[in-house]
Structure formats: C-alpha cells, structure tokens
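Just the one chain here, laid out as structure tokens, in the form predicted alone.
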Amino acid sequence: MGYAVTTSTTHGPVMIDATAKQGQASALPERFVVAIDGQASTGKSSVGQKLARRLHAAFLDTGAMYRAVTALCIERGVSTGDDAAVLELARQADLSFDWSSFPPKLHAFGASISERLRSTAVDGQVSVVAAIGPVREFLVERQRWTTHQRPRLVTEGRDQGTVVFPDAMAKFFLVADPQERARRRCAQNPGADYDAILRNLIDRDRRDSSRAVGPMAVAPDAAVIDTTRMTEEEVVVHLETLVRAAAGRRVAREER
C-alpha cells in the first residue's frame, strides 16, 4: 500500500503519492544539484546519503565542514570569538573530501577528521563558527567548487538552496518537532541528556535563523518536508519522487 504526503511550498500544499511510478520523469540530467536544508536532527545527512545513492550522485555534507573548523579550534586552542584566527585556521586546514569512500570522509591537514565532528563540545560551538562571515564565504566557495569535481550532487546544510546553490534543480527544507529531534539525537547517543539536547537544538535553531550571514531560511522555491511522523525511508522515497519530477520539468523546458 502506498502513502501520501503533504508537502508545503510557498505556493501552497501539494499532495503527492510518494510510491507512484516515476514514468517519463525518471530520466536525470548529466549535471544537477539537489539542495537539502533544514533544522538540526531532521535527518538531512542520512536522508541525503540515501537519496544520493538512488540518484547515482555524490553527497556533500556541508555541516561537516563547519564542524571540522569548530573541532580544530577546540583542539588547537583557537578562540571561536577570534574571527581572523578561525578563518586562518580554516584556510590552513585545507579541508577536502575523499570521494573514494561513501559517504566521503572529510580531511583536514591531510588526515581524516570525520570521526571527531559529533562531540558535545562541537555541538555547543558550531553555530558560533558558522556565524562568522569570512569563514562562511570561504567555505561556500569550497562547496561550490565541488560541482567541478562531481557533476551530480546532493548537498545538505542550512543555506544550500538560498545562498550556495540558488539554481539547484530541486530544493528541500526539512523540519521536525524539537522534541522528536531531541529523541532522535538521544537514540544515536545512549546516555545523552535529553533536556540538555532539547535546549541546545532550540538555541541552535534561533542562532542559525538569526545570524547575519547565510541564515537558515526556506528558499522561495523549496518544498518544506515535516519529517516528525515519517520514517527515514518514507522521506527518501518522497524526495526522490520530487527530484525526478523536477528533472522531468527541466527536460520539458529545455525541449521547448
């Protein structure tokens, strides 16, 4: 049995059968970007990875780049309040992705840093680093350069559809109730303090949405997906349906 999902956009709600056959809309162009933005712990990374596999595309976790800079600041004693020092560290780190693995491992100073990105300390400071204008500008250019290496790209973050890739073929913004997001984070980290995580998530939403540079916002042409009561697989199938529909519309426009 299929299921139906209501997707909100700036043009109003759209009801889509997420298990419908792709038909003529299934063909994908040689080059495309799918942008997934949204709140923390809404499943952007795990959903993005699975969607990328289904679309035979590369996956870019831009949040990992800000986390990497944050982790390096903590490890090297660089104050996240010193904008110039944080930018210099980001430049020196030469952040790069190893595309031979999936998801790609993030390297800093020539070695993998992926396993050091999810600590509580990083959680608490990453929004501060992400709000530093020069650091965002530097990392945004690195993110855009990825399309020269990987022509088919699924990318996730906070500003992918609004700032980094405003011309993305498909754009999504994932949301979920704070309580559900805190529950998911605790499920990933047994023994974690639920109340502390909930407070952190609410605070991150506020900081990410109110920062002056690259704030978390819904692109006018993005579909807003509430994942609170959806399984991960349901979200992935739903997004794939929307991506293939967008690909079909692109082909139709180019054939006119």
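Just so it is clear, the structure is predicted and the values come from calculations on it, not from any experiment. All residue numbers are counted from 1 along the displayed sequence.
A second form of this protein, the form predicted together with 2'-deoxycytidine-5'-monophosphate, is not displayed here; the remarks below concern that form.
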| item | value |
| --- | --- |
| Contact test in the model of the complex: R54 vs 2'-deoxycytidine-5'-monophosphate, heavy atoms, 4.5 Å | no |
| 4.5 angstroms heavy atom contact with 2'-deoxycytidine-5'-monophosphate in the model of the complex for T227 | no |
| 4.5 angstroms heavy atom contact with 2'-deoxycytidine-5'-monophosphate in the model of the complex for F59 | no |
| A130 within 4.5 Å of 2'-deoxycytidine-5'-monophosphate in the model of the complex, heavy atoms | yes |
| Contact check for K171, L239 and R244 against 2'-deoxycytidine-5'-monophosphate in the model of the complex, heavy atom at 4.5 Å | no |
| Listed range touching 2'-deoxycytidine-5'-monophosphate, judged in the model of the complex by heavy atoms within 4.5 Å, from 172 to 180, 155 to 163, 72 to 80, 102 to 110 | 155 to 163 |
| Residues within 4.5 Å of 2'-deoxycytidine-5'-monophosphate in the model of the complex, restricted to 179 to 218 and counted by heavy atom | R204, D208, R211 |
